[in-house]
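In the form predicted on its own, a lone chain appears below as structure tokens.
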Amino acid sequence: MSYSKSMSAKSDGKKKGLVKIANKKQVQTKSKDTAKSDSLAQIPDKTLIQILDLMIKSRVLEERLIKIYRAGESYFWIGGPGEEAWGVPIGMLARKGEGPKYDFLHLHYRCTPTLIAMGMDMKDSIRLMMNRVTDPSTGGRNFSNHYCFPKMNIAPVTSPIEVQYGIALGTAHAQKRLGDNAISIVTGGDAGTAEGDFASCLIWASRKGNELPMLITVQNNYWGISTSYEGQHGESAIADRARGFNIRARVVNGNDPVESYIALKEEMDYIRRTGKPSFIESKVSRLYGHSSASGANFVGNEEDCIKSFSEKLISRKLVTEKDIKRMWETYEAEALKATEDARAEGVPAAESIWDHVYANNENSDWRKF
């Protein structure tokens, strides 16, 4: 998909704009609209442009992965097109490094925008997609977007949903003992909040006197594979469940990178200052379906955050349509070159299946025990 591709925003059934009503209500509505537009001023222009650039880079990569799947050069695709406005700010704001002095990230399989913002090379994502032995995350032995980068504290992305919420408790405990104001960030989808790991995370993160420095997030795209969000939840918002454990919580528009960036920064600062957990429910789009299992076709009735944000920056004269077109073309060329390079690289040898199962590559061939 390119910048010029048409998009129709997800409708909530409410009419926008002022109607002829009491003057007081008109003033209140205008104040809210003004406050929302002024939020752009809270982020430097250079950062706004950087956010858009990274969002486009991530989208180009994801669409390249889909093309690789459709060309028969990969077995499966699952990813995060539509979540760039949420994922990119996480990667920009995380304290990047290795070890408990830096932030740990426990992500799920829609995390490409975050990894791109943290500096992941496109080629490393493509190597994983094409199951190349040069894949630094898994040696070519896992699904697309199942990343693992120890040097950036990116814990292995897993296929079983929501187990990362329990795993994140461990790194948060270590960071609490160390006392260096580092935090553990964990992300997941709305459907997975039905899993026990999610509830356990809320319990263990919030015990009085033993609170953990965790940013707990849920990307709510309103779908669990093919099951609609509606009718699956008794609470008004998923964030309400965190409030039940006395965890500070909020809901944000994850299709707005400015709102996401500001909210994430505020909550990360709060956790570093207090050592207590915080929760964000981010409402996002799912632009290519659940995965290649559902076709990976573009969904036209979802809001495209890149199109929306591009239009905002053009209206502020921070970028031009020509600038944006150049971004797309630059990254499309980079992604194509990375694909060609990865295509020439080898696949894992059969005997290497036993490697990296245990620490220090200890023998894991059951036939040799």
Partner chain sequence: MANMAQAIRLALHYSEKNLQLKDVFGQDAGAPLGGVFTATQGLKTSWNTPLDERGIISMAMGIAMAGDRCVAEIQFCDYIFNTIDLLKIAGNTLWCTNGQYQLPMTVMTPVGAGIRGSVYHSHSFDSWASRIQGWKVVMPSTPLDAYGLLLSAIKDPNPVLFLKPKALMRVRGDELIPGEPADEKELKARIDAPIGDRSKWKPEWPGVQDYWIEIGKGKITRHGEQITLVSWGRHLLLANEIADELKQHDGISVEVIDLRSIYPYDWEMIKSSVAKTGRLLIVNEDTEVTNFGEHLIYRVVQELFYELLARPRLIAGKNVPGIGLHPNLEDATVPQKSEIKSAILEIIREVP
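Positions refer to the first chain, counted from 1. Every value quoted in this text rests on a predicted model; they were computed, and no experiment measured them. Between two forms, the rigid core is defined as the largest C-alpha subset superposing within 1.5 Å.
The same protein has a further form, the form predicted in complex with the partner chain, not shown here; the description that follows concerns it.
- Though the partner is left out of this view, residue 110 does not reach within 4.5 Å of the partner chain in the predicted complex, counting heavy atoms only.
- The partner chain in the predicted complex comes within 4.5 Å of a heavy atom belonging to residue 197.
- Of the heavy atoms in residue 279, none are within 4.5 Å of the partner chain in the predicted complex.
- With a 4.5 Å cutoff on heavy atoms, residue 91 does not count as touching the partner chain in the predicted complex; it lies far away.
- The partner is absent here, but in the predicted complex a heavy atom of 156, alone among 224, 156, 289, 275, sits within 4.5 Å of the partner chain.
- Stretch 135 to 143 is the contacting one of 135 to 143, 232 to 240, 261 to 269, 291 to 299, since its residues have non-hydrogen atoms within 4.5 Å of the partner chain in the predicted complex.
- Annotation for 163 to 199: interface residues with the partner chain in the predicted complex are 163, 166, 167, 169, 170, 171, 173, 174, 177, 197 [heavy atom within 4.5 Å].
- In this overlay on the rigid core, residue 352 has a C-alpha that sits less than 2 Å away from its partner position between this form and the one not shown.
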